[in-house]
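Before any questions on binding or motion, here is one chain by itself as structure tokens, the form predicted alone.
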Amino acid sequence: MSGRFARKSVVITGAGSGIGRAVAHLFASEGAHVIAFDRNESVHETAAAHDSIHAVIGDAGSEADVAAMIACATERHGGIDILCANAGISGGMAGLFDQAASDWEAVLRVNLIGAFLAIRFGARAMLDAQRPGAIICTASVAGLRAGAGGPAYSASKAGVVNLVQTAAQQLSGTGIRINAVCPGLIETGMTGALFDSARAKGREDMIGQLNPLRRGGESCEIARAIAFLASDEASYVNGHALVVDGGLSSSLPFAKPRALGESSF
């Protein structure tokens, strides 16, 4: 077996669609043995594309399910070399006064606690097997500045960025690198309605108009960034949040925000 990740053991959460599926396919195509983890049955479609992908159904926010996922990878592949904590939910675009605490709890449970659990169990497995590895968490440009997501989603992704930075320090001296990738507007199941609506109205050219590339991104572009962070090419990259957004975050906002309660028309 040849490829950049030949015989590497890789675990990916949120691999049932979108970015997670693209990551699973990329690693498998480059020789890795992949555990694709998702709560949706669609993860079996991800696994069907490559013999080296094994699907596991589970909840990224469940301690028991994440522990079982890591145990499965260890049993099948002898350990873990690369962990991608990618699972996430949007929680919608409702404002601060329109969301209940339960809405925030649901988003934080998957997006932030899910990343913590993956890091906790994944890094422990790497240490126990004495296999220095790489961990990559999917954050978002919404976690860097306002305006790219709902309040709960944005706060959860800001937490992921800080979690990565904190974990990098906690893992000092272990040989385990941990980084985040911060996608901009990417066409996935989470953003599909936006893309579909724009196309239906003949306004596809408006997608991504605020970034210098003037387009939305594709899951494969984020997958390639994640693969870089997981590879030996990034051997001295640690505790970093890599922004992949077409240049969106290179500028400060230039559109006047609406006042609270002001009509959008």
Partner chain sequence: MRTEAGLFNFDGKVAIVTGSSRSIGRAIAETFAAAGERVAISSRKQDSCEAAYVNGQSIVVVVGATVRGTL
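Remember, predicted model here, so these are calculated numbers, not experimental data. Positions refer to the first chain, counted from 1.
Just so it is clear, the following notes concern the form predicted together with the partner chain, a form of the same protein that is not shown.
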Note: the partner chain not shown here; in the predicted bound form, the stretch from 236 to 244, 36 to 44, 217 to 225, 60 to 68 having heavy atoms within 4.5 Å of it is 217 to 225
Distance check, L248 to the partner chain in the predicted bound form, heavy atom within 4.5 Å = no
Next item on the list: Check whether L26 has any heavy atom within 4.5 Å of a heavy atom of the partner chain in the predicted bound form, and answer yes or no.
Entry: yes
